[in-house]
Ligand code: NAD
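Okay, so here's just one chain, in structure tokens, the form predicted on its own.
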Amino acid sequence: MKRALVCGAGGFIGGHLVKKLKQEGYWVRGVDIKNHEFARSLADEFLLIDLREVNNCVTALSLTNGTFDEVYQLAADMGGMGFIHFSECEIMHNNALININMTYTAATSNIPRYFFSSSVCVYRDMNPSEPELNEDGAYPAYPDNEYGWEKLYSERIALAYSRHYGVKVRIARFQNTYGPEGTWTGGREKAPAAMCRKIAEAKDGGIIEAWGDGTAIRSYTYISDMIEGIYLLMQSDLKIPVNIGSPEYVSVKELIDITAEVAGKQVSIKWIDGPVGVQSRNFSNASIYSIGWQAKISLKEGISLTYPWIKQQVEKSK
């Protein structure tokens, strides 16, 4: 039986990853600074520890017999565009500490395989009409936000330890991921969850507010597709950072329209000032396609699976 450590198991993607690994027959230890907000963890063990402290990284990796076969590092202080914009110092400080300490401890503990969750935020702002970038397009570096700069630096930490310590590092650059059991309110939610919440709260024929003017282009990846991509990448021989995302690009206005259609509501939009982020990021998925991964869930299908869950959360919170 393989043994895996999932760092960030109390979060959205980490919680779903634990479920996947258990389905694949792993013994799993989850660690996080908090319990999962919406679901009971299926991990065989769950430790509440702060990975900003190197001694806690040692604790997370300690087994009475042998070592972990795989470590998945998804622990991060992060959220949607509002959080990324207003919490730059916390993001840089907390995430750099987690990644420096966890990568060092895993490498010096002779962990065979180490996964690091990066982000397409490492790429620059783009025009929608520009050709797709492959993974080398992250250089020369010019991320739009500090979250992207920290991710790029942490990629290089992981790759350096791979070269010098022999740990097999796999790096995924995540696109916006959404689905049930994710943050849906409070300021850390991503756009699909925010729009589901706003439309669930609105009356039919009502008005919702959204930042910008609706023209920014995004791609959204449903959680089951992302989890499958993580798992396949970890088992693969791909040594470079790899983009994982849906090839379906939509504007923010189109995201709202799709969500309203799923909800069966008519809504008007009041565009207001707020952090929007990049106009577009056009990136190639050719590397992850090469190992047999394809996004299976369209945005409308994914919203159809996500909206009812968020609507239920909204009704519970009243």
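Residue numbers here begin at 1 and follow the sequence given. The shown structure was predicted, so the numbers you read here are calculated from the model rather than taken from an experiment.
We do not show the form predicted together with the ligand, though everything after this point is about it.
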Inset, instruction - Could you check which residue among 222, 184, 114, 147 gets a heavy atom within 4.5 Å of the ligand in the predicted bound form? - result: 147
Inset, instruction - Name the single residue among 227, 158, 194, 74 that comes within 4.5 Å of the ligand in the predicted bound form, judging by heavy atoms. - result: 74
Inset, instruction - Check whether residue 165 has any heavy atom within 4.5 Å of a heavy atom of the ligand in the predicted bound form, and answer yes or no. - result: no
Inset, instruction - Answer yes if any heavy atom of residue 52 is within 4.5 Å of a heavy atom of the ligand in the predicted bound form; otherwise answer no. - result: yes
Legend entry - 4.5 angstroms heavy atom contact with the ligand in the predicted bound form for residue 103: no
Inset, instruction - Could you confirm whether residue 299 comes within 4.5 Å of the ligand in the predicted bound form, counting heavy atoms only? - result: no
Inset, instruction - Considering the ligand in the predicted bound form, find the one stretch among 196-204, 103-111, 137-145, 77-85 with heavy atoms no farther than 4.5 Å from it. - result: 77-85
Legend entry - Residues in 4-36 close to the ligand in the predicted bound form, defined by a heavy atom within 4.5 Å, in order: 8, 10, 11, 12, 13, 14, 32, 33, 34
